[in-house]
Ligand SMILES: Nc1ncnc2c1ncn2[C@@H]1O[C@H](COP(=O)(O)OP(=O)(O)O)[C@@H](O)[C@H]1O
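Starting off, we have a lone chain in the form predicted alone, written out as structure tokens.
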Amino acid sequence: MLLRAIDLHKSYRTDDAVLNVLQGVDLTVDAGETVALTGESGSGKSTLLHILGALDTPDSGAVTLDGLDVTGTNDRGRADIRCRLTGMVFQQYNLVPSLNVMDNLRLQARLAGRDDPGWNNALIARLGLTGQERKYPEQLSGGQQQRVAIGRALAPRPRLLLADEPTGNLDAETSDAVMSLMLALVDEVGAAFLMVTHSSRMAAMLGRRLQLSAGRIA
């Protein structure tokens, strides 16, 4: 077992009410497993993903990743976990506009102390970006930008790749190509893969499907 979440609760206070988003979420992900997380809009999928990826903390409950207590550590510990153990891909590409393709791809690996020129060049080729290394994000198509974001997440060879609607801004043909590429690279790296998606078609490409409903895994 690579990832385990136990009894996660998370709520947010609005001006006139408390919104209970997660109400006792339990889940596990094995090493090398691919899992789709589905659910209605507002069901808490992104909140859960952020907690699992050490970007946020629950009100209560526990997360362990590769034997490390994610929820029990401090901000510095969570930052270290994000650098060394996880990669994240979002619907918005979140590339650094002032960095070219290669430097965007290298960014996470450099932060993790795992910048490997040979692997970076191999990733560029696998991503279909050979010849684009010196271009900037604004010079790329949406599909190309998402490929760079995927490369950035996988450059440090993380144990777990988390993705939040990674094909949400892409057309069907590009979505299929990006998903196939992501799954192939995840397999090559040996990472587990947990993806939030609204698309049944995208979910069907992964090995297991979970549904978040009423704040819990159904």
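One-based numbering along the sequence shown. This one's a predicted model, so the numbers in the text were calculated from it and none came from an experiment.
There is another form of this protein, the form predicted together with the ligand, and it is not shown here; the text below is about that form.
Ok, 57, 34, 174, 43: which has a heavy atom sitting within 4.5 Å of the ligand in the model of the complex?
Result of the distance check: 43.
Within 4.5 angstroms, counting heavy atoms, which one of the listed stretches 60-68, 177-185, 151-159, 35-43 is next to the ligand in the model of the complex?
Among the candidates, contact is made by 35-43.
Any of the heavy atoms of residue 19 lying within 4.5 Å of the ligand in the model of the complex?
It does: once the ligand is placed as it appears in the model of the complex, residue 19 has a heavy atom within 4.5 Å of it.
Does residue 47 make contact with the ligand in the model of the complex, using a 4.5 Å heavy atom cut-off?
Within the cut-off, so yes.
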